[in-house]
Ligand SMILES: Cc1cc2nc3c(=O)[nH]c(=O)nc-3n(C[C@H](O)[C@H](O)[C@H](O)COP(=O)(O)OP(=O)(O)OC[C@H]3O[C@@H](n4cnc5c(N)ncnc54)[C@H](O)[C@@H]3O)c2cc1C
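Starting off, we have a lone chain in the form predicted alone, written out as structure tokens.
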Amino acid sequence: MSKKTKTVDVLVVGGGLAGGTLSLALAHGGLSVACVDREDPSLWTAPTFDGRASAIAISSKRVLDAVGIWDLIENETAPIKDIRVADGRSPLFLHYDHNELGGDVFGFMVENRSIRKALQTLLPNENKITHLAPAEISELVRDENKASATLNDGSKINAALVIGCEGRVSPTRESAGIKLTKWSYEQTGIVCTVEHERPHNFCAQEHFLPSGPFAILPLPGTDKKPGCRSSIVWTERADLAPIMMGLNDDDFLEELKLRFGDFLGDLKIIGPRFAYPLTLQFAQSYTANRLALAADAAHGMHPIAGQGLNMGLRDVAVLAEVLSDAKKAGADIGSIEVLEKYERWRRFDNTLMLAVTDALTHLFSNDIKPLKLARDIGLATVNQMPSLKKLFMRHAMGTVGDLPKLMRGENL
């Protein structure tokens, strides 16, 4: 494409978990797409690139299934059959059992690099997608009729619409002058993978500690040790996290064991550790002239509920539906009317989840005795209220609310 111009329906900036899935969904909906990503895909699957794993709700699994990703990652996922939430070492807890909803699992755990590996296979081989990576946009101009991007190699892309999907640090959002509301939790998420002696039985566990939530999330094991591998998300005070990250392997493991407990037997850390600052942020608008923001470019939340990627995939499913419908109707997919429909559909849902995760983080990230007692009673009370608990379980599955077609298992 050097020094050439290509015209497409949509330019997606960012080809990661959300941006890559969005590109595939748009292509399945009949739109031509240019997907530009600044990262080198050959590095995507390296163990040092991204140590995180994501919870994929049932509704999100349907999106991945519709675009062909699920077939490629299914053998690398672990079902979430149970969820157990406890406040520290309190005997009171909240337990979600998938059998209470007829046996359907709540979702699946999958390492992010598994999804990236699938995208690495699918994006270059989809006829309606021009996948450019690594590549960067040096200039982006949007007028009443189109958006025009100049890449760092001098080539150009014209599109009816640009979608910024490149993560929390979004040059596309910044270039549009869209203001960002953001604050830090003064917490760091320490992420690693462990192998344990006893199987996890596909139960996701979250313990609320004074420094923040400590999650043990089931991953697929090995042939020799099935069900004996988990992803750890350890929330630590921002001032203590560098000390923990600086420990040698033996000392780090000892600190981990203090929080993990011994219910799964002996532990062994597999692979590198990662640390991510924890913040809440949201764009004051999801749209501008010939521009939409999606996933982390539009909103970023605390991982306390494990809903970050799921909310991003809801953006993906809604955008794909709105734009596909507009294309079929012969409408201008970059028009204000089309973009407003997307923003109306997603703004309230995302804002509500941001508020819930923020409130939970402040409520549980402390050791104040009256609050701790109230929390424990609250968890135990919900655990004894079947109808309310089932509603919460359906929320965990992502099957509540005004779902777009892809999340209902329907075609665009």
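Please read all numbers here as calculations on a predicted model, not as lab measurements. Quick note: we count residues from 1 along the sequence shown, nothing fancier.
Not pictured, yet referred to below: the form predicted in complex with the ligand.
Contact annotation: residue 39 falls within 4.5 Å of the ligand in the predicted bound form, judged by heavy atom distances.
A residue is said to contact a partner when one of its heavy atoms sits within 4.5 Å of a partner heavy atom; residue 136 meets this definition for the ligand in the predicted bound form. The closest non-hydrogen atom of residue 25 lies beyond 4.5 Å of the ligand in the predicted bound form. Using a 4.5 Å cutoff between non-hydrogen atoms, residue 52 counts as a contact of the ligand in the predicted bound form. The stretch in contact with the ligand in the predicted bound form, judged by heavy atoms within 4.5 Å, is 54-62, chosen from 357-365, 54-62, 25-33, 341-349. Using a 4.5 Å cut-off to the ligand in the predicted bound form, not one of 68, 76 and 218 places a heavy atom inside that distance. Distance criterion of 4.5 Å from any heavy atom to the ligand in the predicted bound form singles out 116 from the list 173, 116, 290, 200. In summary, among the residues 147, 283, 85, 278, the only one with a non-hydrogen atom within 4.5 Å of the ligand in the predicted bound form is 278. Taking the ligand as positioned in the predicted bound form, the residues of 304-341 that bring a heavy atom within 4.5 Å of it are, in sequence order, 306, 307, 308, 309, 310.
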